[in-house]
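Just the one chain here, laid out as structure tokens, in the form predicted alone.
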Amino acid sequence: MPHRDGRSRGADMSRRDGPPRMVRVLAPASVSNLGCGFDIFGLALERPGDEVVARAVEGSGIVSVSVSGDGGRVPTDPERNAAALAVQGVLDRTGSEAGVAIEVRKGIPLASGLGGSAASAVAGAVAADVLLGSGLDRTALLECAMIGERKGSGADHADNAAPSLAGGFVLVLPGLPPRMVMLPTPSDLVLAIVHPALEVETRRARTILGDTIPLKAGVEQWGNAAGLVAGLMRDDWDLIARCMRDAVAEPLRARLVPGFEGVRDRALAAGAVAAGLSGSGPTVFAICRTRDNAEAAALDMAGAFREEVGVESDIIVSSVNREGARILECS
């Protein structure tokens, strides 16, 4: 969505057509961690996504927040809603006293491990940027989105927000301001995503990790992270398969997802290159080399959840979304 100079596409639209009164933005779901990249790797999906509609209204600040598609579970309090907090971040950053009404349309399942709160926050930040014509660069938009993501997940990380904003496979370097490094992905990479009828609350999934890791696990994780980047750069599928493994978080988080090991094993047996938890779960991803292979792996993973846990699953087969957040409507 951003131009090469880092400016938001929406800034150009607002200058050309005059200040809009309504902007609708879609931000895609994402898979984070991707095995060895806890809090630093993320990859954008073609679908699903969250939409945010921002309207210019009388008043100042966030005038109203409404949410649909969430079963009444997402808060509409502007101080607790991820999209509203991101919009407020844009208002604060630009010094604007404009009044904004926000409508959030949830398309990403709650507590699914697909970056729902991050997508809402990204869509909110981009919509506000376009509505105000502020032309914030990509780093500033990400920082505003992280304000909402921080409230949604309880952690200061951008491994979901960054790919949702920019698309592609992203390395987010720790620290502030956040820095996104776009990584190449093989053209034939296809993801099989299985979201079982289970929920894992992100805050709980983080608390079980603790604050320290064994040195052996750390060395393995560092090597895998470096090896995965090298594999992507070289288009080396053997190296990608060897290194897309989590030695730190997944062994602990797996206990929160019944049947995970069996589901992962079924994906690998079906020909997937690698498989693991998406974020904190319960969604499981598999990296495949063809769409046919991904569809077969997804069906096998869903079958494993059905047989071992007794739950049905939603299936997504997706190439890498290389566009990120996009403006659907601006008027």
Ligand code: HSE
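All residue numbers are counted from 1 along the displayed sequence. Since we're looking at a predicted model, the values are computed, not measured.
The next section is about a form of this same protein that is not shown, the form predicted together with the ligand.
For this session: Flag Asp159 as yes or no: does it have a non-hydrogen atom within 4.5 angstroms of any non-hydrogen atom of the ligand in the predicted bound form?
Result: Answer yes; at least one heavy atom of Asp159 falls within 4.5 Å of the ligand in the predicted bound form.
Exercise. Even though the ligand is not shown here, does Gly279 get within 4.5 Å of it in the predicted bound form, heavy atoms only?
Worked result: Within the cut-off, so yes.
Exercise. So, in the predicted bound form, is Arg150 in contact with the ligand at a 4.5 angstroms heavy atom limit?
Worked result: No, Arg150 stays farther than 4.5 Å from the ligand in the predicted bound form.
For this session: Check whether Asp39 has any heavy atom within 4.5 Å of a heavy atom of the ligand in the predicted bound form, and answer yes or no.
Result: Yes - in the predicted bound form, heavy atoms of Asp39 and the ligand come within 4.5 Å of each other.
Problem set entry | Segment that reaches the ligand in the predicted bound form - one of 140-148, 75-83, 97-105, 159-167, heavy atoms within 4.5 Å | Looking at the other structure, the answer is 159-167.
For this session: Taking 4.5 Å between heavy atoms as the contact cutoff, choose which of Ser134, Asn224, Thr202, Gln88 touches the ligand in the predicted bound form.
Result: That would be Thr202.
For this session: Identify which of Arg93, Arg206, Arg242, Arg179 has a heavy atom within 4.5 Å of the ligand in the predicted bound form; exactly one of them does.
Result: Filtering the options by heavy-atom distance leaves Arg206.
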